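The data below hold one chain only, encoded as structure tokens and taken in the form predicted alone.
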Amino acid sequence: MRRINIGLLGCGTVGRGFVDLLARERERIRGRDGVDIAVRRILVRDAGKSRPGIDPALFSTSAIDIIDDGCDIIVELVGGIHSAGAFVRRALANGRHVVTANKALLAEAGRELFATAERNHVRIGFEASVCGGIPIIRALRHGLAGDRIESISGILNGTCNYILTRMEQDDLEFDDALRLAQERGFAEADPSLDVGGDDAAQKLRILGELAFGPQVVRMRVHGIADVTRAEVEQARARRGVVRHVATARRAAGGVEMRVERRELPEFHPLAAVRDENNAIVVRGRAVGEMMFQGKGAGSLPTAAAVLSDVIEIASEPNRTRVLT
């Protein structure tokens, strides 16, 4: 039985979910995978804040102390680009595997970070960076590695989908639906990253890199902040729905990516995806069309994706080839 020590950077919604999920599943993982995974240190902003169920002796306000403490895997859940990027780079330089849910960081500096991981013979797990608990990263990297992907299309942002669903089903205006999403925890106080389309664009870049490799990318991004109740009602009158759809496809000279709201006929596979759920349709030359659907966000679905990467790395510590 090998012991795997985790340095956890961040104890917010997903970080706390990861700690709780690991505590619940630790014995099952020990028996099934032959590894004992334990959280050794946790980066927090306020070490004096009460976090029921977590030993306060694990808390530290110094990321450097945790990264340099000899942990086997660093789990980065602080978010953002600058501080998180510095933490990840230091962990990789120290020869530590990294698991992250940070879509913004990977969209901005993914190629550089994966190259650094290769040089230091370590791995980066990033299943949780796109669509929470849906295993789309693993499907593209492994399950569909033998096929040529022609296109990817999906609902990648749960906030936008929740707003559009409430406008459709409850006859709400955009501002009212957004307010409801914020009250129920599906939208941030500042929702601009989501409703402006940038969150979905970051996720689409990650999927596009996996599906098509390094290519010249032409990207167009449009959000839903200007959608109106009348637009939703007109779509419904035509037996359609309005959805915020992200699409990447091969095109002459590179890859074309679009993030935009579209009117979909009611029989379209993405039309039935409602509320905070996500879905991705992958079209391959050999396999045809495949759809992945489920919870795209939330504490436990995202934590489950983080833990799956930790288990994979812990079970195969010597497989250091990083696929991007």
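Here the structure is a predicted model, which means the values were calculated and not measured. We number the residues from 1 along the sequence you see.
Just so you know, the form predicted together with L-homoserine exists too; it's not on screen, but the next bit is about it.
Comment: L-homoserine is not present in this chain, but in the model of the complex one of V75, L156, A91, I163 has a heavy atom within 4.5 Å of it, namely L156. Of the listed positions (I54, V35, L270, A297), a single one reaches within 4.5 angstroms of L-homoserine by any non-hydrogen atom in the model of the complex, namely A297. Of the heavy atoms in A187, some are within 4.5 Å of L-homoserine in the model of the complex.
At least one heavy atom of K103 is located within 4.5 Å of L-homoserine in the model of the complex. When L-homoserine is considered in the model of the complex, K203 lines it closely, a heavy atom lying within 4.5 Å. Shown alone, this chain has one stretch from 179 to 187, 91 to 99, 109 to 117, 227 to 235 that lies within 4.5 Å of L-homoserine in the model of the complex by heavy atoms: 179 to 187.
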